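In the block that follows, a single chain appears as structure tokens, in the form predicted alone.
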């Protein structure tokens, strides 16, 4: 027989799990924000969620830069494909990956980037849980080395650190409609590729 405290603990655990799936379903790419500042303690909670992410050999190669200065945010908007909505965000978090801190700094491995992407999704889900909108911006990549150079110079990012993405943040001023997603049997297989996972 489960005691009262055990029962309460089980219910609380189930509520937490339910809330997690609610957050996953609620997350959208938000590009319109209200003119409301984000408290630093909320950004700290998002960064804590990223900090707790798994990484290859526990190398934790991610490094984050929080930008609130409007002039710097305008620069980021310009070099990220001139996406104007970035200017309206209340904070931009630059996700970077430190090659020197990766498991394999002397080969072409991209584990440091992949690990940073995992950690950044933790950050994005934490933002959603706290009631904020966010948007991944991945225009800052090798397709435009000049953009990368400008951002690195402006933010004093070392040569051994790769810029992975920007995450814009703000209180949502839009409710995007549900996005199209593939059915589970199109993306999940059983035992071998192509054999649909059915429940």
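Just so it is clear, the model here is predicted, and its values are computed rather than measured. Positions refer to the first chain, counted from 1.
Another form, the form predicted in complex with a small molecule, is not on view; read the next lines as being about it.
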Could you spot which one of 45, 63, 27, 32 gets a heavy atom to within 4.5 Å of the small molecule in the predicted complex?
27
Quick check on this chain: which one of 52, 138, 36, 154 has a heavy atom within 4.5 Å of the small molecule in the predicted complex?
138
If contact means any heavy atom within 4.5 Å, which of 80-88, 125-133, 94-102, 67-75 contacts the small molecule in the predicted complex?
80-88
Any non-hydrogen atom of residue 182 within 4.5 angstroms of the small molecule in the predicted complex
no
